[in-house]
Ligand SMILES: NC(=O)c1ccc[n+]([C@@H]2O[C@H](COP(=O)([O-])OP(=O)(O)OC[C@H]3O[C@@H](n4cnc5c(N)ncnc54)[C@H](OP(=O)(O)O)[C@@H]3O)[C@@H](O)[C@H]2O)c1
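Form predicted alone, single chain, as structure tokens, below.
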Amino acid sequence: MFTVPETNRRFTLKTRPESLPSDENFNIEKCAIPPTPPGKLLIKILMVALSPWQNQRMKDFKNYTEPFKIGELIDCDVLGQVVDGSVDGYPPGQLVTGRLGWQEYAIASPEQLIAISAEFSETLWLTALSSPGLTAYCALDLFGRPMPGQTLVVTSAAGAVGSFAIQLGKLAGMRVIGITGNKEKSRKVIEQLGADDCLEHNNPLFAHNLANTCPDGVNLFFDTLGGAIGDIVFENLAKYAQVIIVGRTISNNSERPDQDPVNMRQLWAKEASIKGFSRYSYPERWEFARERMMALCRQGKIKTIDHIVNGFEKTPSSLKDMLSGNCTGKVLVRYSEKLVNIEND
């Protein structure tokens, strides 16, 4: 039988980062693992998913969500395995996903978990079938109105959410242009994700290249970055364009949102519609979006780009690398391998 360890390790917030987080901003807290209460499950965390909003919640300024408190566990979606407890539908060894945070073990109720099947890979459950894929699907489904032949531009196109927006746009018959930070990322967006073209925003000719690539204007803009990059895209909007703000990573990680420019002149001149979108405002759409993404994955129409780091201790530095633009795709940190024949361990 699996022997429940005596202690758990978890990352808690020690100090608030001024810009990007580092190891010094966190404590590794050791705490006792209590007996699993009736109706609860002890989950061994196998892998955690990193996202820009984790750094945003470390800052103590008004944002779209409450900041972490000093001493609070850092929250995130995880892949885990049931190792103790008895609840119908969750036998020992069952793999699950849930928002259980940067820790090695967690006690959770079934309501906090989704039991996952072996039909899809473990990483797919944290990418296409989790927040990144559902965000892209919900945003485009509810507000994008993608039309065949029109032009879609996606920022952070090699990132977790942007990579799915690229593919969903192509499946809708759109002409899709990605924006990334370097040529290697752009190559992957074109070759692996199927974009029609991909431009590097740090190229001095970026504005010129975008105008040439979108001669008839941008009909749909899927933006996760904001800042000057977004403003350059606004200069190239088509008449009656749709803009979906799915994130403002540049300004959401700063205490000076006034430094995030917004080219309202072109938004007004092109009579564009702009919509701020957060998946968490539409929980009633999650299951539908997940079912649709499952269907697309079964048909082999969705691909993922994963960046996997091994080691619990590397979680903070991996988040910093992701926010610095050093990673491609969804950043996942593996804490442990899946246990096999758990009842006989």
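Each residue number is its position in the shown sequence, starting from 1. Worth saying up front: this structure is predicted, and the values here are computed from it rather than measured.
Only in words, not in the display: the form predicted in complex with the ligand, which the text now covers.
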Subject >> Segment that reaches the ligand in the predicted bound form - one of 102 to 110, 151 to 159, 89 to 97, 67 to 75, heavy atoms within 4.5 Å >> reply: 151 to 159
Original post:
Should residue 56 be counted as a contact of the ligand in the predicted bound form, where contact means heavy atoms within 4.5 Å?
Top reply: yes
Original post:
Would residue 322 count as touching the ligand in the predicted bound form under a 4.5 Å heavy atom rule?
Top reply: yes
Original post:
Can you check whether residue 21 is within 4.5 Å of the ligand in the predicted bound form, heavy atom basis?
Top reply: no
**OP:** Report whether the minimum heavy atom distance between residue 316 and the ligand in the predicted bound form is within 4.5 Å.
**Re:** no
Original post:
Which pick from 249, 167, 81, 242 sits with a heavy atom within 4.5 Å of the ligand in the predicted bound form?
Top reply: 249
Original post:
Going through 220 to 236 from first to last, which residues have a non-hydrogen atom within 4.5 Å of the ligand in the predicted bound form?
Top reply: 224, 225, 229
